[in-house]
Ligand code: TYD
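We begin with a single chain expressed as structure tokens, specifically the form predicted alone.
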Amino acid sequence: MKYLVTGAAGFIGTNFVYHMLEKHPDDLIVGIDNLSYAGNIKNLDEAQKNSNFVFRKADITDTEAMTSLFKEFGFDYVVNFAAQTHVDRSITDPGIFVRTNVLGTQILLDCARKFGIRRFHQIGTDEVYGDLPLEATDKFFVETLPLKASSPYSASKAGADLLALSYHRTFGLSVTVSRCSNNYGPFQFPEKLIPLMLINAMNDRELPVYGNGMNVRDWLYVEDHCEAVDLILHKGRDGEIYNVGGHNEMHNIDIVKIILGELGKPESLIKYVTDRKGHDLRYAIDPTKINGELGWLPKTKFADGIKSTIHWYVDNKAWWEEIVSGEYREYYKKMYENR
């Protein structure tokens, strides 16, 4: 089998490449990435030693490049991780999110139709459902909920999901969609909560926490997510949406305190800053459907996953030190200083 993995040098895409090389050692994995700020080719150093992995620098919004790629390899499966994903950046510049997340997905879908792939899997997000009240602890995101995106990011991802599903109904393309909760683990770009707090704590810098830190997220270890996607890709039902989460709900401030405690750093490093515009209160996924149909449940307890993640960042200082210089430093100042 031949797989196209888009966004392969990003956080989840990188982990998925390694998952596939281990679980499907006889198949060809072709990874592409435009290597924008969040794509790091060094993530794939070990993968490129494997003869069953090929990397190409390419942008999913480039129709000519995508057509050429599909023609060259004759893919059986496409897994679309490629996306602009950071809510704060979408508030600053919505246009790039629409271009990448919606137009890029449409171009990939057209290529998938033209070259007759077996299945197109769209990586979505639970943020398309909006949010849940903090006090409504008995309510969860299910696949049948109406979409109620809160940010340009989640709106663009909702658009991509709907576009993919429309290609199944209108053109008969084999499509599945998964919507996951917040991922964490190795290789995550340091603009996201856990690596941001980790790196700041290691450097004895202030930890900027939005609002009062009581917003709730449902945390999913990245390898558990990769296993779910692999399962949906091969055994999921055509035209179906699967929510991927694990009832690992945590207040943001509690995550921050766990990180500080694990690193032996004082809570005095916490700095509460002006809240994000339109900040969603609570995300919580009900994984009943994927568990009932495909037998999936996350294997990693949060207590174990967060320790493993912290240790990875401690052990891979050279990886993130290079990232947090240059353009990222200017972005950090813009987002968190003087708030």
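The first residue of the sequence shown is number 1, and the count goes up from there. Note that the structure is a prediction, hence the values are computed from the model and not measured.
One more form of this protein, predicted together with this ligand, exists but is not displayed; see below.
- Within this chain, Pro208 lines the site of this ligand in the predicted complex, having a heavy atom no more than 4.5 Å away.
- Taking the partner from elsewhere, Arg276 is found to have a heavy atom lying within 4.5 Å of this ligand in the predicted complex.
- Though the partner is left out of this view, Asp110 does not reach within 4.5 Å of this ligand in the predicted complex, counting heavy atoms only.
- Mapping the unseen interface onto this chain, Val87 counts among the residues with a heavy atom inside 4.5 Å of this ligand in the predicted complex.
- The stretch from 185-193, 131-139, 167-175, 110-118 that comes within 4.5 Å of this ligand in the predicted complex, counting heavy atoms only, is 185-193.
- Think of it this way: in the predicted complex, this ligand has a heavy atom of just one of Val78, Ile232, Met197, Ile241 within 4.5 Å, and the residue is Met197.
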